[in-house]
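Given next, in structure tokens, is a single chain: the form predicted on its own.
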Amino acid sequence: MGLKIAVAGKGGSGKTTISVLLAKILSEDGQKVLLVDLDSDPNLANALGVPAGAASPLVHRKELVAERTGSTGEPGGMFLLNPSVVDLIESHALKVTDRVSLLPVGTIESAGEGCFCPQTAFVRALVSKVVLGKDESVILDLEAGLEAFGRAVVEGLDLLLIVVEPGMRSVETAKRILRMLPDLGIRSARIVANKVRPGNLALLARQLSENGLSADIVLAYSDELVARDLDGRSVFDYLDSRFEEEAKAVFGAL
């Protein structure tokens, strides 16, 4: 059964790393996986070992957005609310492995980006037009914070994973995200504790518990992951048996 999953959290919490590792787990379980980069600071390509120049975000291609939305680019101008974009998924997705592809979408970065504009309509249309077959899943690496939820890009998800690193600011972001979910039709939301060292696992568990939360999946802090990030190397083949076991349990529950 295919799943539509989004990964959210505070900036720097490790959303992109988690997204890539989840794609690896699902692909090894026989799924074809489409990774969609919706972050304004796109790093999925780097985490997958794809050269950055080969993964230019679609929203940065102004001519493409204008063509599909009918926008003139003028502030307050008219544009199509539901542009035709379904063909772009196949034509612009980059093949990473036989079972994993990357669609670099990005998001708008200009002032007033919370408004509903041609770029927003373009992104929402792309996400909503992803059709899953029996053995196909999509993972959305969302932009940091709450912006994606204000734009309702995540409506109708099977699973939202909220990444939390040790620290109250990350926990507070998770709480704010969870408060926005009731009206978005998301089937299930779970917490992923990331960058967890043995000495702070109990403290993070207490912080979560005091806020009515608990971690369903844990990824331990790894010097190897840090080194790969610094070197710009792929994290796709990184192994953590506990993380894999707990992620599979969450998927199985769906």
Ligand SMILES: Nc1ncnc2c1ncn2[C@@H]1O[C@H](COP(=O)(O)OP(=O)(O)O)[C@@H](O)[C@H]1O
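Numbers for residues come from their place in the sequence shown, where the first is 1. Computed from a predicted structure; not experimentally measured.
Below, we refer to the form predicted together with the ligand, which is not included among the displayed structures.
- Contact annotation for S222: at least one heavy atom lies within 4.5 Å of the ligand in the predicted bound form.
- A residue is said to contact a partner when one of its heavy atoms sits within 4.5 Å of a partner heavy atom; R68 fails this definition for the ligand in the predicted bound form, lying far away.
- Taking non-hydrogen atoms only, G232 never approaches the ligand to within 4.5 angstroms in the predicted bound form.
- Although the partner is absent here, V226 lies within 4.5 Å of the ligand in the predicted bound form, judged by heavy atoms.
- Only one of 24 to 32, 187 to 195, 55 to 63, 206 to 214 places residue heavy atoms within 4.5 angstroms of the ligand in the predicted bound form, namely 187 to 195.
- In the predicted bound form, K10, G11, G12, S13, G14, K15, T16, T17 are the residues of 8 to 27 with at least one heavy atom within 4.5 Å of the ligand, listed from first to last.
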